[in-house]
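Just the one chain here, the form predicted alone, laid out as structure tokens.
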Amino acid sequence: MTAVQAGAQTAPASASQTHAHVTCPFCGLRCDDLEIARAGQTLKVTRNGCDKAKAGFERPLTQPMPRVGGKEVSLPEAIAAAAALIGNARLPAFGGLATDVDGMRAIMSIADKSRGVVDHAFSEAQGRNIKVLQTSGYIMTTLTEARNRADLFIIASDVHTFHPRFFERIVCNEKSMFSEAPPKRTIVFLGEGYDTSAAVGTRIGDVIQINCAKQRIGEIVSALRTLHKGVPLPAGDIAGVPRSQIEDLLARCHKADYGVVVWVPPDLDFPNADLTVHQICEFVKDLNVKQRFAGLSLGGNEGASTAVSVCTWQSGYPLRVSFATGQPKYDANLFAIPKLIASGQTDCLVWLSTFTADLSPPATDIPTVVIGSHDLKLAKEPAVYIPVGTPGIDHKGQLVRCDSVVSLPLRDLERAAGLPRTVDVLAALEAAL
């Protein structure tokens, strides 16, 4: 029995079709210029796709059935079992949250109704930015502004690994909105071990590498702030970097018409990394007294920017939020799902992961409901598993871009997978509570 027989609706697909101007849901950049060819239920990226896009669109389609306790059941039976677990839970936790705008709205409604907690799998990384925004604020740019205006990029993370088309689309573009022949750009890689191979092309001028450990980037930026303010700095080397290199970088910053510092929160994975983000944002504010400078944070993979945006719209708070008292309450430490599981405070985990096979739920003895992609890797059989379609492949949807200024429409590529939409499963689940 397939998911179609279990209750999902589908329409017959034509033998082949090519879709142009497709938005990719597998990276926070939301590149919207892909061309996808479909032959039956097989998809192939034929233009403008990176490795992440190809891995996401081209992975083989499977047709799993919903399962309860490892046994195949109908979709209504799986929804009833999930509703029973959530309804009887003392504090249900809704995690993963890798879904589109409609799916996130639906899970917020269920969390409110069941008095649960919501927390994205990447909340810890996103929290590095949120802490800075809450405590001191920051000046940020957008992908479009950076693409058209910036003449200096300071790359403070391994951007190319996390967002393979960032350089192609934002940094190395030959034309801009304001000029057919814009000036060359200076690229400074601040850190070590980065993939710098994409910083090539006619638009690229000087490419500079300042080698230092990621956890010491904040020291370099602090030295830049000190020198910028004219405060004496007796040190010859800072974080293993010669002072002359730091002074040269500061001079380039002062000469820039529009400088941008770029970082990827998940890549700054070390203790107190929010302090590094804080130093970057304060340096940007220092420079803005007399010139134009901005930060640009790249994240949003697995629907992370969508989840935090919808949570903020709906509750007034970013993730992590609890509805246990009947009203939204925010605490980035108390309501972290890993801590709730470890302390035994939650007795039911609901895990949403609809984009890739890799965002798996934690292996736990707590009853777990998984609403996920057809090929989601599971370390342990959950109490309930409901396969759903992937937004941007199996049905339409919307996702917020990593700079949080626009949402991009997702296409239905009509591969007729027979997998239900997450929002429809969640609507049925809420009705059953």
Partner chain sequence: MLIKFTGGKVYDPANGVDGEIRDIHVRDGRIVTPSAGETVHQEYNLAGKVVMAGGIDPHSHIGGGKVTIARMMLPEDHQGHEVQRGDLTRSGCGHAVPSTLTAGYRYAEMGYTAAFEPAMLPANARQAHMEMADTPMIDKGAFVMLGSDDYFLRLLTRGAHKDEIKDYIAWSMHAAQALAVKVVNPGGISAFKFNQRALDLDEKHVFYGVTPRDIILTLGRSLQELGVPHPIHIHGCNLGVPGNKDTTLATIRASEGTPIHLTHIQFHSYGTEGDMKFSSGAAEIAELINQYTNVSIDIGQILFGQTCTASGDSMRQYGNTKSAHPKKWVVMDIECDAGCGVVPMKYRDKSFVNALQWAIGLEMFLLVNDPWRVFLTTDHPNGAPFTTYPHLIRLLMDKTFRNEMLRRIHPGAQAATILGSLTREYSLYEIAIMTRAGPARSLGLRDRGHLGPGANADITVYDDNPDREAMFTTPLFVFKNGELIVRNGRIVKVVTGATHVVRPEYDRKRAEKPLKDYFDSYHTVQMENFRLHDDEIITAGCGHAPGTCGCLVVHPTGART
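Source: prediction; values computed, not measured. Residue numbers count along the first chain shown, from 1.
Form predicted in complex with its partner chain: not shown, discussed below.
Contact with its partner chain in the model of the complex, defined as a heavy atom within 4.5 Å, holds for exactly one of A383, L408, A37, L378, namely L408.
Checked against its partner chain in the model of the complex, the candidates R216, R203, R225, R115 yield a single residue with a heavy atom inside 4.5 Å, and that residue is R115. Annotated contact segment (heavy atom within 4.5 Å of its partner chain in the model of the complex): 135-143, selected among 261-269, 135-143, 88-96, 152-160. At the 4.5 Å threshold, heavy atoms of S197 stay clear of its partner chain in the model of the complex, well away from it. The closest heavy atom approach of A363 to its partner chain in the model of the complex falls outside 4.5 Å.
Contact check for S309: a non-hydrogen atom falls within 4.5 Å of its partner chain in the model of the complex.
Using a 4.5 angstroms limit between non-hydrogen atoms, H395 is distant from its partner chain in the model of the complex. When contacts are defined as a non-hydrogen atom within 4.5 Å, none of G191, V221 and S353 contacts its partner chain in the model of the complex. Annotation for 302-339: interface residues with its partner chain in the model of the complex are V308, S309, T312, W313, Q314, S315, G316, Y317, P318, F323, T325, G326, Q327, P328, K329, Y330 [heavy atom within 4.5 Å].
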